[in-house]
Structures are given as C-alpha cells and as structure tokens.
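First, one chain by itself in structure tokens, the form predicted alone.
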C-alpha cells in the first residue's frame, strides 16, 4: 500500500536529504513539494528543491510559496547551511523553473480534493501551512496526519536557549498550526541530537555507499558540520529533517506521547519555544503527539537503503 504525501520545505542541506529519502522510497507517492523561506531565502530554497528532485530523476512538481514569516522579517540561516544552503560546494543551483501555481493554493486544493488520505510533512517554518489554514480552516480535518519537524521537545534550542529554528523563524505560524486541530506529530531537534548525529567516521561511512545520492547527502553538510562542531557542540552534522521524514514514512520507529503544546510568540530567548505540558498541569487537552525517542539503528537502516 502506497503512502501519499505532500512535503513543505525550506530546502537546505538537511531538507535535501529528507527529500531524497522520500523521493527514492518505493512506498511513497509525493504529490507535490511546496517551498517556503526559512533556512535560505525563497528563491534559493526553490532552486535547491528543484536540484534535488532532478538528482532523483523525479517528476514531482515543486511550487513556490511565501517569501517570509507572517508578521516578521525573514531571518535565514546561511551561517548554518552555507550561502547557497547546500554547503557551498559549487553545485549549479540556478536556472530551474518551478511548477506554475502557488504553494498555499496547492496545499488547500490537494487536501480538500481528497480529504483524509494524504499526509503532510513539514520540514521548514510553518508559514505556508498557516496561510493555507487561514484561507481554508477545514483543511485541518482533511489532512490525514501532519508530521512536523520543529520545536525541541524536552531539549534545548539551536537559535536561542529555548528556540528551535523552524518555530523561531515564524512563531506566529507555528502557534496557528498547533492550534488548528490537525492530527499532528512533532519531531523536535532534541530527537535529531539524540539519534541523527554523524561524526566524521560515520559520515565517511555514509559517503562510502558510493552512489550519487550518498555523496550528495554528505557533501552538502560541509558548512553544517563546521557549525555543529563550533556552535552546537555536536560531534558532526545532524539530520533533523531526515529523521522527521523517517518517522513520517514509518511511525513505528518513534515513541511518542500526546501532550498539549503551546508556542511562545514573544521575542528574546523564548521566541518560538514549544511549551510542552508534560504533566498536564494546564488541564488542556493534548493537541500534538510529541516524539520522545526514535530508534537510531532503524533510522540509519532506512537512510542507508534510500541512499544506496
């Protein structure tokens, strides 16, 4: 049985690996890829998505979305992923033409046309999804399940002490989406830190698979690797979007608990912080399945298969 999926991405180095995983999974049918500004400005993110789709020789259409957060100026993350978002390794990331149509329209039309059967996987800021929900609130019940790479769960932030980038970039959008009533699973950055980091030997092992997909997926982490070693103090690059994609493809990889989650929309260290009511002290009904653990070996096995 095939899984139908729509992916929303701010395509940079880890997003691209997540796209490769989904595009090369024989059990997944990607209906569309919608692109949002985040890691890099919108036009660059679109080119990065188109390059990745082309690498995988896929016909999946890529649609251009919103160029900045709902109520804020875009603060992108080239310092993390490179000026081109793909590690600054000299890839030809220009000149490709996206599909005709607007990402927000595509989201609304796809889910309302076939309610309850298509999953949504978000691996960037939630601006496109929030805008779609504002246009058509009924979309929330038409999405079969939404898998969100965002937040920190029980961990620390990677932009501020409390804020993870996707939620921090557009906290208003994150707040709206988490309040929408969609069936949702949140895979936070803490899950990537725990189960999706790759030191130099592990990265070399992935690259030694020897396919264009494996070489691409490791090489584009060049800038992220330096950021991880110097800033987030990890032993090498980590892959938050790919491990979120793995959970979307096979939810049995993850352990999760249903909890109420709110998003802090202020400024300062708490901007975009996902406040998880672990003990139920607010008395509010759970609105998100919060992933607490992903099987590292199962994730690695899936990643290796898709890169082979």
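Since the model is a prediction, treat every value here as computed from it, not as a measurement. Numbering follows the first chain given and starts at 1.
The form predicted in complex with ligand RIB is left out here; the points below concern that form.
Quiz item: Is residue 158 one of the residues lying within 4.5 Å of ligand RIB in the predicted complex, judged by heavy atom distances?
Solution: Residue-level check for residue 158: yes, a contact with ligand RIB.
Exercise. Answer for residue 237 alone: is it within 4.5 Å of ligand RIB in the predicted complex, judged on heavy atom distances?
Key: Because no heavy atom of residue 237 falls inside 4.5 Å of ligand RIB in the predicted complex, the answer is no.
Self-check item: Partner contact for residue 111 in the predicted complex: ligand RIB, 4.5 angstroms, heavy atom
Solution: The answer is no: residue 111 has no heavy atom within 4.5 Å of ligand RIB.
Quiz item: Taking the shortest heavy atom distance, is residue 166 within 4.5 Å of ligand RIB in the predicted complex?
Solution: Residue 166: contacts ligand RIB in the predicted complex.
Quiz item: Of 174, 132, 86, 123, which residue is found within 4.5 angstroms of ligand RIB in the predicted complex when only non-hydrogen atoms are counted?
Solution: Of the candidates 174, 132, 86, 123, 123 is the one lying within 4.5 Å of ligand RIB in the predicted complex.
Practice problem: Tell me, please, which stretch of 279-287, 45-53, 237-245, 254-262 lies within 4.5 angstroms of ligand RIB in the predicted complex when heavy atoms are compared? | Solution: Stretch 237-245 is the one.
Quiz item: Heavy atom within 4.5 Å of ligand RIB in the predicted complex: which residues of 56-95 qualify?
Solution: The stretch 56-95, when checked against ligand RIB in the predicted complex, contributes only 81 at the 4.5 Å heavy-atom cut-off.
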